[in-house]
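Listed next as structure tokens is one chain, alone, in the form predicted on its own.
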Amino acid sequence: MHRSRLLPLTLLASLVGLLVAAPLAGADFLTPESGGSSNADDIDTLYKYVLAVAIVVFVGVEGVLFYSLRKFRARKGAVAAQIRGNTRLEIGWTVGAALVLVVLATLTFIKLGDIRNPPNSGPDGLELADGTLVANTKEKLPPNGKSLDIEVNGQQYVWRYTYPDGDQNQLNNVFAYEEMVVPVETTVTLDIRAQDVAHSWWIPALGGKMDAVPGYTNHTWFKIPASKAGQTFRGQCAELCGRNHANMVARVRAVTPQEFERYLAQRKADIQAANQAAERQRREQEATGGQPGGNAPQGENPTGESNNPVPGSPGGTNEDER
């Protein structure tokens, strides 16, 4: 093949390859991931509506363009008609464009409520008693006012999750890093904060991403269906937050309500045991004349997990300014 033809064909093949690979890299074909929560399903459906309208517009415009190129192509001896304005045509495409906007706006507002507003937990979800495991009053709540409210704190380069226990002292709450364990059929609301730089919480299959900004608290929610018990949903910080941004991964593991209660109990016991071991170590060092806490940072137990208060929480370093 002649070299002058090889280069354009190579560029065309590369472009086609990039267009094909882009949706695959997004873990879904053309539209966002879904299936893990009803708000993610609604976002995916809305994208498909918009995509369908866009395809109709694209095919219509490109069809007219190629029809005109063929029908009015240059011919020997032909003289192009000199047309100066067409009122009916101009009114037609103006009304057509307005109708497209009306259709897209209508579909968006129909879906927006189900995307933003969390529903009640299902009958087989976690039993949420009044006064415990309920969300605060600053965020959108389900109609019955009950949800499992988890605090998500972004730190370079890890996510920390703090589970509620019904009191205002977060220092004795169960916490975990990277992997959040939640019960299925239960509405989970998230209070998202950051303590150093801006991050962005995003588990694509569980809904839209939400920024984590120091000094502010953002809220989102998800509700995983019972059929997804045992499944782990994966995500990644969606805001470039530093040199190790790629390591700031997140996981949400769905379990049954019974398994979730056992997880909380085991996690609390592990944290208490680690704190007791740290206290014994501190006393031993004091008894031998060493520095309290040794070389370990204050508030860090032998498991390497910190019980320090997080920003925005009682005792934290940054208060919610909103």
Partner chain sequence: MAATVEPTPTLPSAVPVPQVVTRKVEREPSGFLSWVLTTDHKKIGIMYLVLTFAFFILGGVEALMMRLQLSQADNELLTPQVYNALFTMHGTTMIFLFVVPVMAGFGNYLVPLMIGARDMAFPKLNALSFWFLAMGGLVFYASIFFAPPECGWTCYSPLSDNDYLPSGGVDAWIFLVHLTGIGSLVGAINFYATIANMRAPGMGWGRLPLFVWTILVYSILLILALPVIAAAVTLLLTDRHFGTHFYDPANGGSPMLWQHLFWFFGHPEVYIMVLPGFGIVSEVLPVFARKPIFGYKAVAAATVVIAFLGLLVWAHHMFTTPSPTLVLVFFMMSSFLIAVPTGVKIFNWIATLWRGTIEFKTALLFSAGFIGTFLIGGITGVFLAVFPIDWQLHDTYFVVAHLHYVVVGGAVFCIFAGLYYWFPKMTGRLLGEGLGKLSFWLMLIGFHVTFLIQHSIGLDGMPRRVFEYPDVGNLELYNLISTIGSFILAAGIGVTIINVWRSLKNGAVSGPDPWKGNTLEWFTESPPPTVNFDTIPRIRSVEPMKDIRRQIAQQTSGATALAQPAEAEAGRVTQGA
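Under this definition, the rigid core comprises the largest set of C-alpha atoms superposing within 1.5 Å between the forms. Numbering follows the first chain given and starts at 1. Treat the numbers as computed from the prediction; the structure is a model and nothing was measured.
Although not depicted, the form predicted together with its partner chain is the subject of the following passage.
Site annotation in the model of the complex: the residue of 242, 145, 225, 119 reaching within 4.5 Å of its partner chain with a heavy atom is 242. Residues placing heavy atoms within 4.5 Å of its partner chain in the model of the complex fall in a single listed stretch, namely 106-114, out of 106-114, 176-184, 160-168, 225-233. Contact annotation: residue 271 falls outside 4.5 Å of its partner chain in the model of the complex, judged by heavy atom distances. Using a 4.5 angstroms threshold between heavy atoms, residue 286 stays clear of its partner chain in the model of the complex. Remark: residue 32 counts among the residues lining its partner chain in the model of the complex, judged by a heavy atom distance of 4.5 Å or less. Contact annotation: residue 238 falls within 4.5 Å of its partner chain in the model of the complex, judged by heavy atom distances.
Residues of 42-57 that come within 4.5 Å of its partner chain in the model of the complex, judged by any heavy atom, are 43, 46, 47, 50, 51, 54, 57 in sequence order. Shown in the overlay between this form and the one not shown, fitted on the rigid core, is a CA shift at residue 283 smaller than 2 Å.
A displacement of 2 angstroms or greater separates the C-alpha positions of residue 69 between this form and the one not shown, with the rigid core held in common.
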